[in-house]
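Here you'll find one protein chain in two forms, each presented separately as structure tokens under the names structure 1 and structure 2.
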Structure 1
């Protein structure tokens, strides 16, 4: 339990490993995850280290595995993940892995290239098939003389000389002229092709402008999408046929087609040739479909076989890479046969680490055992707090503020209780707390299955990581909801109200405002057994007034106790690090300052609640109860208080004025002690050290009066100038004195958010759900169902999620600023051990982000 309240004791060790056993030993340490290695080659370039070639080989294997993974995911093939972590392979197994990955990559690339070539050929044949089908309509129209517009447009393309020379030609021919005319003098006057549908309007405009209107374009859409062989996307295309006259226009048209990436295909003029070509195209398409299916089956078989081992391969390669990367941090001895490493290890785990090193040596077959020596150092060790699945989330909240200095008090175990409790004070509602607790409990019960899913949804991962926090916040909110007697803005009358209505029915119906006095028989004289009396639910006039006073006071009470507990925590730090100066000149005046001012104010609240009651005789009735706030302000200003009413006592107890004056004077006297005490003592210690004949070497002035050389809370002062020490202490004192006032007021957020949450719940009930409850009949049932669904969505979305997040952030601020600032330095650095689990987890997360 010691490591729960403080970080683990760490030791800096030197490790000697034989070269042939180094790989196996580091592998065992990676499985253990308890050793943080230091870089003994900080000035050596990463490309000049001993094992850089092995790291490069691992990078190349990872690249091939990522390629396989991308192809497997593209085909939607599930990858087998048993959840087991195979051991790191031996160095000689790298060659087999490299050969396997090389074979798989080459085979897959060859299959992909063949498939792409086949798909490209298939696309061309498919486009040609559509061209032959669509253009057949154009030729049929020409031959049958059905389209006079086409004929007239075609005649318009023929020059006057040709028209005069061929006056006796008859109908216009789309291909060659009459057989009597030489074919070499009259080239084909049309081209056919396929173009992307979105490019067609621009293509048509460009043809018209570039050819000055001397072309005739016909186009038809291909209804079914075609697959792009390069990226596999579905694209929509259109068939076009362009009629023109002359070589110059032909060249121009082809260049425009090339610019718009249109594909041109040969299209015979003769119907018999077109039919023959179409039959040949269909035959080739059928053959290609068969070959493509066989290619895809082969590719699928290769990927399915790879998917069974891909996760294990990733783990093995990452472990090999991590081992060689760690070995690059080591130094070689003079003989080049021994590797030397320095590492931080937890003191309690040295024996476990030695056993792991022994197992690694036995695996490698080395006869020389490894040597682990503990070193003396004045460096600050890393901070290592052991956590489990329950405490991990709470520790993460603390580390987000700052990693604890080495061996200073860890706030996490106390936060396990105080965090959900302060949250519940703001979020107190039995219904809303039950929703939150059930959600957290569901995640806890299903945590194994949910953790195995490994989703990339960041919001869900945050919720799941904090499942125990959510459950505790919900459970504590249920408790405070019972205290407030509040469930969805309504009350529970479990034990029966201890207030009774003494008015008759006509009085109640004819008066908007009626008052029940606790001094009469309206009140039984004993409070409600648990929480607020449900009678306050119907007290619409002064319910908020009463709850404001109640919640405001408990907020100050909890806040002052929380801050005093934080100051007491600093006592544990000072005594552990033997920091006598901070103990005397910081802890004592800080605690006294809080006690004589703010804890005294808390005592006044309890005295007021105890001494003043409605059933007491005058002047100890509720009308003569003084205001705590006014009393505290008068006390700080040395001002004489005024009686709250006629013939009422000014003070609540005998000698109150005298004690208040003494308390304020003591608080004022604490300020110069905090401001000057520690710097003056440090200055005196330095002066005495300078007067010594034998100079003091090592250790600081704090060590002379009881400091530790590497203490997390003591700090070093012998390097600082006295002016800096005075300035630092002055800032610290001003911050504490002013912060005590502002932090106390900051805890009023407990009251403010609790009031806002209760009012929002009441508004939702009054303005939404009550509308459905007031309807009658079967229509009312339908209307209530709709209204209830709307109310439930608003309740979960606004009151549970948004209000819950707001209360969570306010609670986090109260812990980080108001509580931890009293004792927590947070100037350490986290223990980052060499662990295969964290390396593989981070590698998987990084791979998911790159996708």
Structure 2
């Protein structure tokens, strides 16, 4: 049996590894990705496990690597990603790696600290430079016109604050000490500093209030922004200089400066001193610039060297951590010399796994070979479906509903074709299908390149993962588009229409609408060879009437066939699990019920298509064709049908009423069989087993009870109550019987969506594109270009994307509910092997999210 049709056979194995070889063996198994380990120490705390120290060391290494990554990203250095995965390093290499990371981290931290200190220094020097420059302006004004400026200053000092004592209003003299009057009493001082521009007004107000207007502030803006050393922001600052007299004011001014975080600088009074200082500052700034440049270069070099290996190191560290996490799941045996593991492995891969184990032991240089021992168990194994890049997407569609139970029929291989096909029935348009197929084809051709660019864009990832589905959906849509004869709402006329005109001029002139008749030579006698006749597209008034009848019938035909297929799958399940009771008392009545009622309806459709012809003799003309729906309803209600027209026959073929009665009776008879057959049989089997238990201890399980090899005989303390079995069976039966009607009607969505799609396409044509095509001349050409752009955007956006998504969802629902409810249990759990590939993918994804 092909591997995808059922999930793989799994075996629970015990693995005995020598302690020295354990690391290497687990590493090999991780590369293989075929083994699912079980936790043998579930009650042990994570901090008490055997290898917790190693895991901690790995965490520490990862932290250092993340720090390095952050610094590299800050500088914008590209990180090399070859995409290949290095092998997990040996335990002794771990120490080397730790040392390397430690060294790199320390170096980087040191460089960063130095850079910060240098930048702080640089900032101070720059501010000092600005102060010297700006205060030069202040002092120049003083020297230029001392008298009136002093007067203006004193006036400024006096006018605003009337109640200040006169004594403190001595003339403030700068740079002309010999002219001062009371020099010893009033020591004119000043402080110069730099403050953030935003704080300046508040600073001024505070100074004014606190010093009662006895200080004088002058300020000038620094035009270029300065870099804050801690966070690298560019801030605007201003230079200020405050003049005051007296010690008290001095302390007050200094305190206020501290409070507003203004930095004060020593500024010499004499201009010569200031010039000297300015030159000194300039040289120091030059030197600092050089040093800073060199520091940045060094940091850049270190980071570039690290960036080459960073991805490699990340992978290695993650692999080591994964190996130690896995080793933590193992049990140490009594002799403390070997580790025991329990794992699920696929039966077909036991050879490969043993080879991998042997490789691991050889690499570690151990002499004792590992032992892989298969255990018998009654536990439920995980479900493993071996998929390749093509079948993976379809399996994902099925697993999204529920993972298959162990070894039950997998619907995925059939879904590969039925899913795109049912989608195409709803989407049928040659043009839109071509767009979709080309998009899918492009993604498939460029697979490798597109897969290598790992993006976080969810929507793109979903589209890319489903590229094969999209391509198949597009290809089938092109086929159904050809059959529906619909390309962007127009029809192709390849073979010539099989309907012909036979009117003369006066008839045409005098009638707004003329209807061709299938009874006359209007209809050629045989239909258009491939698909719908192109004349229906132009027969806008009754195209929908004809198409409705056609599409509804095909929806029911395909729906009933899909459901019968589902019921037949349950037969495979029952035979495999040797569930004879279910086979006889569930599968057979279910199938008979479906066939006798709904497949009969399908047959009626085919009969009606065949027997009623316009050119036939009387009772079988088109006027007498009965409605299948009414026939079906009357059949189920045991009502006598009315003839569809005057003098017409009620029935399509001889004996129809007899067959119909028989079919309905058979269907009704199936219901109690479904409802009561299996529970009664179980009850009988239990009674038999109980009777056997009395004389013989330890009753044998009766083969008639069936079910899984968990047996059913003997003490039934762990089995279901009889009442529960009856209730379950009742629910199952009602679900099936009512479901068969509702699901059959549910397939009519195939008709509904294809009608909606065709109508939308027609609206776009009539309301958008034809307006553009109707214009003439040069202006018409430009108008047409604009209209075409609009039409194209709407086609792709509404018809391909929106309708495509809608049809996709409906098809998914049809598969999940209508098809799978006939046979699928979906109670399993997925096989989650220990695989480095998936851990690294998840690890990088998780790291990407946290950043």
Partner chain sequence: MGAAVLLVLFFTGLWAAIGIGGSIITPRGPQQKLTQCILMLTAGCCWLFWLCCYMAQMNPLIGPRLSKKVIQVMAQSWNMPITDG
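Heads up, when I say rigid core I mean the largest set of C-alphas that superpose within 1.5 Å between the two forms. Numbering follows the first chain given and starts at 1. These numbers were taken from a predicted model, which means no experiment stands behind them.
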Of structures 1 and 2, the one that is the form predicted alone: 1
Core-aligned CA displacement of residue 378 at least 2 Å between structures 1 and 2: no
C-alpha of residue 505 moved at least 2 Å between structures 1 and 2 on rigid core: yes
Core-superposed C-alpha of residue 227 shifting 2 Å or more between structures 1 and 2: yes
Residue 132 CA shift between structures 1 and 2 in angstrom, with the core used for superposition: 6.6
